[in-house]
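Okay, so here's just one chain, in structure tokens, the form predicted alone.
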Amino acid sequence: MSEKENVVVLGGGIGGLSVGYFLARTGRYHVTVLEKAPVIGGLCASFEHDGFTLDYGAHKIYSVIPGVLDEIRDLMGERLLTLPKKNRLFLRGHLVDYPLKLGNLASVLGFGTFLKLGIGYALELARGFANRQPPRSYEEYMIQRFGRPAYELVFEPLADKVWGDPATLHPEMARARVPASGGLEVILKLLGIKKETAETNAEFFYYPRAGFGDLPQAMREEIEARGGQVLVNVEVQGFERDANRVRSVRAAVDGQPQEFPCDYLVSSIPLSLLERMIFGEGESAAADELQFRHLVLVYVFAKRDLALEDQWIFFPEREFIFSRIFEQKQMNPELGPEGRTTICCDFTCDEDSWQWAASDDELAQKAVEGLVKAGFVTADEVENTLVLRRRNFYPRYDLQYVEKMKAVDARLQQVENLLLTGRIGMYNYNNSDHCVDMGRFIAENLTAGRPPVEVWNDLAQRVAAYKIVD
């Protein structure tokens, strides 16, 4: 039997571990995953705090990509729970069912607003019969499909909270994030004429009973069982190159220098960091032009067994600092002590925003005030809070991002044995199931003998078609 080829994977998040898992499983590759942090999983990890096992925000395992759920079930087995999905919107002081229901929506909005939404959609439908141009932004995409009143009520404020001014967002952000094709589809579903499908709404999902971080842990176990290695506390220092190929990766592992031979290099780390590693610190990185939003997570610990009836709830209105809340014990009550719960309030912001400049105490106070106002906890039930911040977590598709990515790809594809994967590594707004699909796709195509550049370009097309299903 021929000697295994060496694959080095940069980044031990779900993207890097997925490709490492699928490649190791073929038996043809020796896989080494290098992770800078002391733990694997990135923001798909779990951590212990104050008696709780906590995730970094809301995560679930669900997919409409053929075969992905089968792969995860085979990997996790009895470590998975099957949960009915429960999530809603909080609007005008009320919880709105999702999928939308006619009676509930009408009672929350009132007849006047409900009528205004219908008229707004009808006007856009009439304009559609004219020679309307394709949408040039998230704002135009949403108005054309749902009408201006619906856009201003829900889509505009929520998009602004998560990604910034919707008028400056590429329409691709709307296509990937909104499951309904337009107002007509929503109306038909409200009337019961058209039903929700697995492509638009998850009726159930899987969740690791030990916390979401058990998914990356299972991948690590399988990589190591097949002779690979997953190393943490790794500082990648550079690459040894031969013409247009990376031959080895130089790194310090727990401070000790090591060199890892490399037939293929797969990266899930930030593109600007990767560019500088390849072309040198003195070189400008095309990826510096790509925009990101920072993530803030505020955990509020309260003296009650459960606070919500939903796993997560979206908050489009600007009066609330958070855009979503998530209760860990809704996933598995065993992840927290009896008589206590924690609600994770998450939101994103820019580097120069007041939220990013605010102190942890200020952010915690705003989050608690919002939860109290919404009626989910009382002030005297709150015990303590925890604030976590993560830079550059959400890719932000500005109006020029397609051209920017073409420039990045053209430069990085000079390296003949390089591939990208993951949300950050591919600059793609996706979920964990998509990262699993990327890893499987890379492994299948490399094993079939296809050159990395062909795999890269075909994967980019596949990734562009991903949709987020809540």
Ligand SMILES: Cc1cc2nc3c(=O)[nH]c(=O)nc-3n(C[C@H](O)[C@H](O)[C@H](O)COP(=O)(O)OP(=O)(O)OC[C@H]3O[C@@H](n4cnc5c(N)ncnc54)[C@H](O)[C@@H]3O)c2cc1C
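Quick caveat: nothing in here was measured; it's all calculated off a predicted structure. Quick note: we count residues from 1 along the sequence shown, nothing fancier.
Just so you know, the form predicted in complex with the named molecule exists too; it's not on screen, but the next bit is about it.
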- Query: Heavy atom within 4.5 Å of the named molecule in the predicted complex: which of Met405, Leu412, Val68, Cys44?
  - Reply: Cys44
- Query: From the list Ile269, Ala174, Val382, Ile321, which entry has a heavy atom within 4.5 Å of the named molecule in the predicted complex?
  - Reply: Ile269
- Item | in the predicted complex, Val64 touching the named molecule (heavy atom, 4.5 Å) | no
- According to a 4.5 angstroms non-hydrogen atom cut-off, is Asn430 in contact with the named molecule in the predicted complex? yes
- Is Gly439 one of the residues lying within 4.5 Å of the named molecule in the predicted complex, judged by heavy atom distances? no
- Query: Are any of the heavy atoms in Asp398 no more than 4.5 Å from a heavy atom of the named molecule in the predicted complex?
  - Reply: no
- Item | Interface segment, criterion being heavy atoms within 4.5 Å of the named molecule in the predicted complex, picked from 55 to 63, 441 to 449, 412 to 420, 24 to 32 | 55 to 63
- Query: Is it the case that Leu109, Ile313 and Ala374 all touch the named molecule in the predicted complex, with a non-hydrogen atom of each within 4.5 angstroms?
  - Reply: no
- Task: Scan 202 to 231 and note down the residues that get a heavy atom within 4.5 Å of the named molecule in the predicted complex; none is a fine answer too.
- Result: Phe212
